[in-house]
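One chain comes next, on its own, written as structure tokens: the form predicted alone.
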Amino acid sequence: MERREFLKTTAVLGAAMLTFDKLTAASQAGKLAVESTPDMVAVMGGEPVALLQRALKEMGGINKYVKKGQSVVIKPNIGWDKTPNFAANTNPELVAELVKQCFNAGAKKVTVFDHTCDNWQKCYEHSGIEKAAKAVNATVVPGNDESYYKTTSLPKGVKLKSAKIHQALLDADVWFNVPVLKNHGGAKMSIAMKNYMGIVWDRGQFHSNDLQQCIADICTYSKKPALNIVDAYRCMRKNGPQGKSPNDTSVLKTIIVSPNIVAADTAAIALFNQVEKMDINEVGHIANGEKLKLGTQKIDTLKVKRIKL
């Protein structure tokens, strides 16, 4: 991203989307501490590792979310047989750094998985995520067989009342939802809420039974992610969810982190709109999620912190 575009994006994020007015003076003065943990952090202008490190620090540190001896799951998007320059999958450096952070907090085990759309072995390899995660001692497991999943009730779901969810997630003490920001032909956008489709076995029932509602319904699963970590280092502007070429992407060098999944997706779409127009009303699962009390689209009601590295 050119410097002029970056500054424009930053200004819009501050004024129109995230209403950081109250923090502007402190940020400019380099006084980045806040009295309490914010509801959301957006960090811009750095490489994936630095973005995550700073975001976690501002969210209270990894030890706030991971305790010694816990079993942790990290759920990135690894759905497609694409290399990182397509932005079809989560950035592997980001995933590896999160694994390291969890182990530093005392996690006994960190598992990484996704139910891929393309051949799982090729997705895991060509995304770079398997190699990066294993290099920092994560356990990388497949999601390509129905035997890995267990039927789980979703009593708050509207159309989706149950789903087969991956056992690794069912067994985890804590998990992190780590999507990449991208366009999606069916769901319009694939961010934190859409990333839940990789924890289930039968995605066909989503597509045949009101996709936008089913995405919201699966997010009612009782074990919420400790944080939704939206990888917007490189986003896919068009031709999602796979992308036809690296030319379909824009480098935004941004990460958005929040436990509030609706707010995280809302903020991410506002960022996306700086490179490609997308009406949030077309992304129906976000409003559906708000109706199910999964979070809020009213970013100005939240305590949000913006940081430029």
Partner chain sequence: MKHNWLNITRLALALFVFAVITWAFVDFANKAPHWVQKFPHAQIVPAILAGTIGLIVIFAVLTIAFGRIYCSILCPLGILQDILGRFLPKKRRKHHYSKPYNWLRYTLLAICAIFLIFGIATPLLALDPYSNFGRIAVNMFRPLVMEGNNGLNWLALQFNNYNFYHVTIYTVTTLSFLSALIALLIVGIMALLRGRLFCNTICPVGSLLGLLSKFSLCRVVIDTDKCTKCGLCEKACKAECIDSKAQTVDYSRCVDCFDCLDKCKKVHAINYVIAKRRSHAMTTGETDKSKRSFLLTSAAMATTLPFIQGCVKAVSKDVDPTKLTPITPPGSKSLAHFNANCTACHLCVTHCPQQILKPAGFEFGIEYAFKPHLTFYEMAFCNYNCTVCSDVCPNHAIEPFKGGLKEKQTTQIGIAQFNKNNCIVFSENTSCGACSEHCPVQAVRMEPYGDSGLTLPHVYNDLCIGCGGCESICPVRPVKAINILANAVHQTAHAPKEEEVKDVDAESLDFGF
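Please read these numbers as outputs of a predicted model, since none were measured by experiment. Positions refer to the first chain, counted from 1.
As for the form predicted in complex with the partner chain, it is not shown, yet the points below apply to it.
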Could you confirm whether T116 comes within 4.5 Å of the partner chain in the predicted complex, counting heavy atoms only?
yes
Interface membership of Q101, the partner chain in the predicted complex, 4.5 Å heavy atom rule
no
Is D173 near the partner chain? Define near as a heavy atom within 4.5 Å, in the predicted complex.
no
Proximity of K308 to the partner chain in the predicted complex, heavy atoms at 4.5 Å:
yes
Considering the partner chain in the predicted complex, which of A55, A270, I62, V283 comes within 4.5 Å of it through any heavy atom?
A270
To verify the annotation, which of these, S162, S147, S222, N137, has a non-hydrogen atom within 4.5 Å of the partner chain in the predicted complex?
S147
Quick check for you: of 174-182, 222-230, 92-100, 205-213, which stretch puts a non-hydrogen atom within 4.5 Å of the partner chain in the predicted complex?
205-213
Using a 4.5 Å heavy atom cut-off, are D81, R237 and I256 all in contact with the partner chain in the predicted complex?
yes
